[in-house]
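One protein chain, two forms: both are listed below as structure tokens, the first as structure 1 and the second as structure 2.
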Structure 1
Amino acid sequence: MTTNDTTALKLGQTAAEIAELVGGELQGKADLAISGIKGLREAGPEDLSYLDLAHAKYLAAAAATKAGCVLLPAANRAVACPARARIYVPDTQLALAALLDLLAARRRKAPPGVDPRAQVHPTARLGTGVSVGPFTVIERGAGIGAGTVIDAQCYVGENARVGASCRLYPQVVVREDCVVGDRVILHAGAVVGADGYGFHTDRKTGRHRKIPQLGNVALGDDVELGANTTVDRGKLPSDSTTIGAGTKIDNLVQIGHNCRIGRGCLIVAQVGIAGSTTVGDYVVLGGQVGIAGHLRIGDGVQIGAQSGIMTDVEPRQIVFGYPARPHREAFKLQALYARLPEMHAAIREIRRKLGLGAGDPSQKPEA
């Protein structure tokens, strides 16, 4: 890491201790002392690394690694790896996450209490152990659950409710009346509850009259919103834009008013979902996908990056393209698109053979 190196984030355990920690089977040198965790190509004899089989290209890296210890998939013992200590686990990513959790837990915690430079309204209710950073504003009637950390320069609006054990990074905005579940993470610059994009256009004058946006946003438990992501509030006083429990949203995503996003979805960076669209549970949206308004995306749908969705999508479909189609069909059409030059030449040859015109396809055939 190109940084002021600290010792705080080093493991300092033996291969055997790590194997026990992650519930893996150790082969090789049990007393090997491990300090860092690095990628297969960057790791040295004192480092632990791991093989992520999701990317086949890392197999070669595993065979060539200089890492002293490597987490390897128990289901695939044939993978070549010269590390002196090899730990076989059911799921290398999961084992890695456990070790990273260990390091993360050593980081300095935000101290509980309200920074004297924060402004918390006397009617706001703060749970036990809440931490509020400097220059943060918590408005009248807002509620913050126990153990939640609100960093510097955040804004929590009137009557908003943030659950327990949440983390709001610096400069997050949660506007009035919005509701945030427990263990929610909001990254810097995220805006929850801005007005939905609602206007009434006068047909004669072309003037756009603002329709007040009086609903809220409701984020379920364990939701994560990326940096500078925006989720607009519902239109009617009784409308919520909802993000289901466990849904993880990346940076710079836009969720329009009155959308209902299901549970356990993965929504990658720069996706945009227009208003009043319903997205089912466990849906995966690739980066920069756009979804029109008032649609219904079924449970378990997967949509490829940059796709454009203009119609409903049935549950468990895998689609991509612009407009999006089932992925087999979309792949086939893409392949044929690349063969347009051949098709064009073949038509030209046939026309010549049949004596149809000059065989010049730039002239419109007299159909």
Structure 2
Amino acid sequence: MTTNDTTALKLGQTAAEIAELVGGELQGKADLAISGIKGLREAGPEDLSYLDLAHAKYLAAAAATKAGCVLLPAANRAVACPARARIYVPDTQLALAALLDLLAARRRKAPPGVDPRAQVHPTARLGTGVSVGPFTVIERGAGIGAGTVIDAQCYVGENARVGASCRLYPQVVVREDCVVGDRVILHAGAVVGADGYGFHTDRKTGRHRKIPQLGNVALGDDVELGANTTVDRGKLPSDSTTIGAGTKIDNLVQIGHNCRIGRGCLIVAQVGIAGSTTVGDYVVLGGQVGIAGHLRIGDGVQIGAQSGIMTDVEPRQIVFGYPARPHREAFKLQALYARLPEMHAAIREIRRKLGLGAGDPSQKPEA
């Protein structure tokens, strides 16, 4: 197995310089040269690592790490760590993000311009500094905002709009009439504006007739869609499937036609949302959550992984399970499920002592 160890991704800074960059308090060897960033278990004397107290299982790894420098939570200075340089910060994840931003900025950037192997319609409008990769197709009347990077083999449909400073990774599809805001990131294979799942079934013949899907999709600013995530277009020409500004969506998520997703939501991998459902602002959907169609999920709702939502959920509720229930109730039921064999045996014994036999307790005794 190979590791990512390119020169561009080396820090090349001292512990003191790193502490200044992240606004942390340094203890230990200030002039220690730091090269890479690695996990607590993998790091060596020239590497920086970090501890996130949200995952307490890594405390032992912090106590045994060979990392030369470690980012540690300022709120808990009692954490054992043998690193020669220790940097205390209010939020280790935020400090780490600042360092990763630094490394990301060193990656080679796509140069502005259109690759000669791309196909851009003469009526398409490209802003300043746009980069279009090989074998990408941009159709009639499409518009691309300034500074946007479109990688290889992407497709932007007729009259679609992609905002400024966006990034479309390879094989992204933005179909006709769809609108993408500024600073949007669409990861490889994402599809914006596929047809909604609309069919009419003839009761006599059983045949399914396709219902044309003529609306569009509108993504707000700073939205991110993960790899192979799909957002279906609205049904009627006046309909839009919308995703609010700042919402972050993971890989392999399906959002049905006419859905309205609010601002600042977090939607984790393999979530499925059926058509015409409204999801409020700042909602969190755990992995593999399924939501039925035509429902309303209130603002600030949190839904645990693999939950099934069959009814509306009021704002700021925390629910879990299938069908989903308030999380405390759901956890109690989970605990009871584990005791069912023991409870069943006890009921059988009670029936035996009462002379009712030891059969199925759900069956009534004979008269």
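Rigid core: the largest C-alpha set superposing within 1.5 Å between the two forms. Here the structure is a predicted model, which means the values were calculated and not measured. Throughout, residue numbering runs from 1 along the sequence of structure 1.
S.K.: Only one of the two shown forms is the form predicted in complex with a further copy of the same chain, so please name it by number.
M.R.: Structure 1 is the one predicted in complex with a further copy of the same chain.
S.K.: Spell out whether the Cα of residue 349 moves at least 2 Å between structures 1 and 2 when the two forms are superposed on their rigid core.
M.R.: Yes, shifts by 2 Å or more.
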